[in-house]
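Below you'll find only one chain, the form predicted on its own, shown as structure tokens.
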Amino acid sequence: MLDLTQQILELVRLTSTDLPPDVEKALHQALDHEQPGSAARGALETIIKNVELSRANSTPICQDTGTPIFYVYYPAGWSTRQLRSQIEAAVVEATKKSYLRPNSVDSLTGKNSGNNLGGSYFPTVHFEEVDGNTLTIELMLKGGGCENVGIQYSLPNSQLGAGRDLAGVRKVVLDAVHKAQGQGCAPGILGVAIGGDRGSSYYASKEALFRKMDEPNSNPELGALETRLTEEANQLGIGPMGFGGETTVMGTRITALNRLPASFFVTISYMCWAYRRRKMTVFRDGTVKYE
């Protein structure tokens, strides 16, 4: 089995310091919608300048380098134990090089591990075996600010008048955005999962965030709801960093899961403007492609 530690280290560096092109494009589009001289436009100008400097200097885009969340899609024959070991080694090295800030804290003692490792869940690594000979590793760095405003609803919700249908989903998603205000470091991106159990729904809501900004939903009905939610969220007037303005949300990503008849969960994972996600693909001949 290949030792991919250095290649994974480069994935971490890219994710932390180099915002994906589709996200940067969305930020520029948001800038065009804000009024000259407004606080919202000033916030976006600062954000975009920060993105450019981070890329040029290979320094973290945000001081909160977040929880590293890896989704690993591996062919038959690869060892998940060895892959996890290589991922952890890369995370430790990335922390030494300051691509990641030491973020892993023991919940009982408050002690920081100092290397971003901690038990079986820090960093978070999800494995899925796939057909073919190609290994894919996707990484998201999810900051605490946006993670704190993530929320899960159980429908029906009488307080919001939200039933067990897409109209009810719409109501709770907009409620989540309104509750977040500027605390999620807007303009953000919404990952929404409909259905599942409480755990799988959160899992899927984050997985949905790996879809690129310009990649349409394979389900036209959900795609239409994504467009509507983004438009309506931007009518709330929260704006960049909560300063008011036209852009509260840059995009919405919705997925649907089967559920028990007794349960109807809607889970929203809010992602901040520092939408740090990258992918590496390892081909059969050992070559690596980063996206």
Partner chain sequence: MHELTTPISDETIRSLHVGEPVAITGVMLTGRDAAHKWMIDTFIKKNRQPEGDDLEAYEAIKPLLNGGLIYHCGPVVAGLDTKEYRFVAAGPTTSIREEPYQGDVMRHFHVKGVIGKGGMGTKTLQACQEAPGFYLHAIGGAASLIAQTVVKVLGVYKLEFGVPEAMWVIQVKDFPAVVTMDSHGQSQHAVVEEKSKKVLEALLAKH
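Numbering follows the first chain given and starts at 1. Worth saying up front: this structure is predicted, and the values here are computed from it rather than measured.
Omitted here: the form predicted in complex with the partner chain. The next part is about that form.
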property	result
Asn115, heavy atom within 4.5 angstroms of the partner chain in the predicted bound form	no
is_contact(Leu236, the partner chain) in the predicted bound form, heavy atom dist at most 4.5 Å	yes
Touches the partner chain in the predicted bound form: Thr46 (any heavy atom, 4.5 Å)	yes
Gln86 within 4.5 Å of the partner chain in the predicted bound form, heavy atoms	no
Segment that reaches the partner chain in the predicted bound form - one of 66-74, 26-34, 257-265, 227-235, heavy atoms within 4.5 Å	227-235
Complete contact of Ile8, Thr136 and Tyr275 with the partner chain in the predicted bound form (any heavy atom, 4.5 Å)	no
His126, His178, Lys96, Lys111 - the one with a heavy atom within 4.5 Å of the partner chain in the predicted bound form	His178
Contact residue in the predicted bound form, chosen from Ser104, Gln183, Asn157, Ser200 - any heavy atom within 4.5 Å of the partner chain	Gln183
Members of 237-259 lying within 4.5 angstroms of the partner chain, judged by heavy atom, in the predicted bound form	Gly237, Ile238, Met241, Gly242, Phe243, Gly244
